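Heads up, the chain below is alone and in the form predicted on its own; it's given as structure tokens.
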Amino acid sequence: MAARRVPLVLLACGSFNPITNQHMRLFELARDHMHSTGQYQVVGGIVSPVSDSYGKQGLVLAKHRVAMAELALQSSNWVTVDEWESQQPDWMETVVTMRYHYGRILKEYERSVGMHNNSNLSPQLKLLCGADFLDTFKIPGLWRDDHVEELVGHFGLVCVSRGELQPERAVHESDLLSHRRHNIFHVREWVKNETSATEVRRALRRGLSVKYLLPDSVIEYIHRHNLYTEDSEMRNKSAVLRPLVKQAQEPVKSLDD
């Protein structure tokens, strides 16, 4: 009899400013890889756009970023958009967003299987990210060690390589990540796609075509709402990223609190 697989949900947090075909491609690559391990059955994917208070330059309003993501994912039968993080009045740490979604997933699972289920295969939630995400752990003041420990040790990462970035090196150079490397899954993208939301915004500001980089429905939405102009790129220009401010001001409770 074939071994039962662990139900797995993939969560991608980020600006999605705007969502691109490459963002959506990450989910497909990650699902294939996790299935190939023989341990997991991917049962869902979640796109979670960051809130407006993140403070990143050129970040358009969350209502637009959520709407574009919903349009982009209309063709997916397993990846959805969740508004919770985007609607928070303040920027939420990634671990807080992970806790919220994991709690919701567990409640849905308990309702679906009933209270008398004896299976040990409770669903898991892992953070889906690009290779460049691991490098953010090196930025002074951006992450606390206990947050990284919780994120990598308790939940886990599914990291998709992009371009010349080498996520394995980032893991090797960090003692904390190295100790938890069994819970970091590296996915290689052999069909290279260097689509960058930053470059997409630059092209849009200059009146250049972004067809085939974004879904047509997203392009139509951008033009209809006049997004990604020279004026919009000045939004938050002098602001300090909220994570750098917040991490220095107030601690976040751990899972045991």
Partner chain sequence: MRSTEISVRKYQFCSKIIFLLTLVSMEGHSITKVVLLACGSFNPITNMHMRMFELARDHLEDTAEQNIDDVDTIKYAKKRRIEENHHDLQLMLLCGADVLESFGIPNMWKQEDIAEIVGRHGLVCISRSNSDPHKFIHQSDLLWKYRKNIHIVREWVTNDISATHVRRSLRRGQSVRYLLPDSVIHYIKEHGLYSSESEQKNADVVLAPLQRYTGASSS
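Residue numbers count along the first chain shown, from 1. Not measured: the values here are computed from a predicted model.
Keep in mind that the form predicted together with the partner chain is not shown, yet the notes after this line are about it.
Taking the partner from elsewhere, every residue among Asn21, Arg25 and Leu213 has a non-hydrogen atom within 4.5 angstroms of the partner chain in the predicted bound form. Within 4.5 Å of some heavy atom of the partner chain in the predicted bound form lies at least one heavy atom of Thr195.
The closest heavy atom approach of Thr229 to the partner chain in the predicted bound form falls outside 4.5 Å.
Contact check for Ser178: every heavy atom lies farther than 4.5 Å from the partner chain in the predicted bound form.
When the partner chain is considered in the predicted bound form, Ser209 lines it closely, a heavy atom lying within 4.5 Å.
Exactly one listed residue, out of Ser75, Thr80, Ser122, Thr136, brings a non-hydrogen atom to within 4.5 Å of the partner chain in the predicted bound form: Ser75. With the partner omitted here, the stretch from 40-48, 53-61, 186-194, 220-228 that lies within 4.5 Å of the partner chain by heavy atoms in the predicted bound form is 186-194. In the predicted bound form, not one residue of 80-103 has a heavy atom within 4.5 Å of the partner chain.
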